[in-house]
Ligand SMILES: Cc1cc2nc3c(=O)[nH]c(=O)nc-3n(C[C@H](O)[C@H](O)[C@H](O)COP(=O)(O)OP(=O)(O)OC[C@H]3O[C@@H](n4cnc5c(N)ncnc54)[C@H](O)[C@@H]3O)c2cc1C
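The chain below stands alone, shown as structure tokens; this is the form predicted alone.
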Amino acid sequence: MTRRMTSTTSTRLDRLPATAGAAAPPVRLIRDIYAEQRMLGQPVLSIELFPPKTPKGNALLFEHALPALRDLEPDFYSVTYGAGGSTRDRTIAIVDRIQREHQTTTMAHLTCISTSRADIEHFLLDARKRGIRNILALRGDPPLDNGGPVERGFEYSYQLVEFIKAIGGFSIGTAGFPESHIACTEGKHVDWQRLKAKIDRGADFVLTQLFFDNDDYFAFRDYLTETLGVSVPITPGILPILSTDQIRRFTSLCGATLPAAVSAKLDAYGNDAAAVGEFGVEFATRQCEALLAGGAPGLHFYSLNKPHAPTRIIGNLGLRG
């Protein structure tokens, strides 16, 4: 069931207390991070994490992955949000803990499909009280087990962006698809025009879906900036290849293209996991070099909670001491 925003919600969140109890860590708005790094002529480096499903996975994230990633001095982390809000509580708890323990700005993903406006409102209010100021607004996927009643909230992510913007107090990111969203049947330019609609409603920056041909990113960026007049940062999302089966599964799920030359290389390596991993680091390094040389405002790494590949790639690029 949906309901109108209450008087509590219509009050701008930046007028509410930052936290209950302990002092909030210094949290920067990501739109400001992009502006500051642009002034310095430096790329923004960000790393995506996901909420582990088990206590062991949680321990590995906080005791191994994050300490290793800390040396990279990322400008911000982001934490994913499961289908239909299935990881909602874990997502917000992890974002909160990273900001408190690592003093690094961290963004919470938020999806709107199969989620009521009341639940979205509650998430945003809870985030604000915890000092979380950055949200990646996504349509998302319905939960796999959708046999029960479906919550009616927003059908499209531009509506979620608009809702968050109306509440106030957040920097809002959104997703872009250099090869078009897999569900868009009208062609990539229609999909990119829909992205423009999200930006017009309040999105401050764009993080792209994974891709392996930089020409796809540059065509996407140039259409948005030169044809549609978009001026917000459009940051490429980089997924280092860790295994052949995994990358083929991911590209199939999201509609990204694995270039024939890359596919042939993976075939040649066969079951040699170490060789595939080395190739993945080298390919991503060269890809990132060309993206930065072509004017990309930063790099967003899909880490899969594994610090090794991002650490090596960023080291290869010489972006951190």
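The numbering used is simple: start at 1 and walk along the sequence shown. Bear in mind that the values here come from a model prediction, so they are computed numbers and not experimental data.
The protein also exists as the form predicted in complex with the named molecule; that form is not presented, and the subsequent description refers to it.
Asker: Could you spot which one of Thr208, Thr251, Thr244, Ser116 gets a heavy atom to within 4.5 Å of the named molecule in the predicted complex?
Answerer: Filtering the options by heavy-atom distance leaves Thr208.
Asker: Though the named molecule is not shown, can you say which of Phe170, Tyr81, Phe163, Tyr217 has a heavy atom within 4.5 Å of it in the predicted complex?
Answerer: The residue from Phe170, Tyr81, Phe163, Tyr217 that makes the contact is Tyr81.
Asker: Each of Ile94, Leu125 and Arg133 within 4.5 Å of the named molecule in the predicted complex, by any heavy atom, yes or no?
Answerer: Heavy-atom distance to the named molecule in the predicted complex: none of the three under 4.5 Å.
Asker: Can you tell me which of 117-125, 222-230, 67-75, 190-198 lies within 4.5 Å of the named molecule in the predicted complex, counting heavy atoms only?
Answerer: In short, 190-198.
Asker: Would you classify Ala137 as touching the named molecule in the predicted complex, given a 4.5 Å non-hydrogen atom cut-off?
Answerer: Yes.
Asker: Ala175 versus the named molecule, in the predicted complex: is there a non-hydrogen atom within 4.5 Å?
Answerer: Yes - in the predicted complex, heavy atoms of Ala175 and the named molecule come within 4.5 Å of each other.
Asker: Can you work out whether Asp141 and the named molecule are in contact in the predicted complex, taking contact to mean some heavy atom pair no more than 4.5 Å apart?
Answerer: Yes.
Asker: Any of the heavy atoms of His102 lying within 4.5 Å of the named molecule in the predicted complex?
Answerer: Although the named molecule is absent here, His102 would stay clear of it in the predicted complex, with no heavy atoms inside 4.5 Å.
Asker: Using the arrangement in the predicted complex, list in sequence order the residues of 302-318 with any heavy atom within 4.5 angstroms of the named molecule.
Answerer: Stretch hits: a single one, Tyr302.
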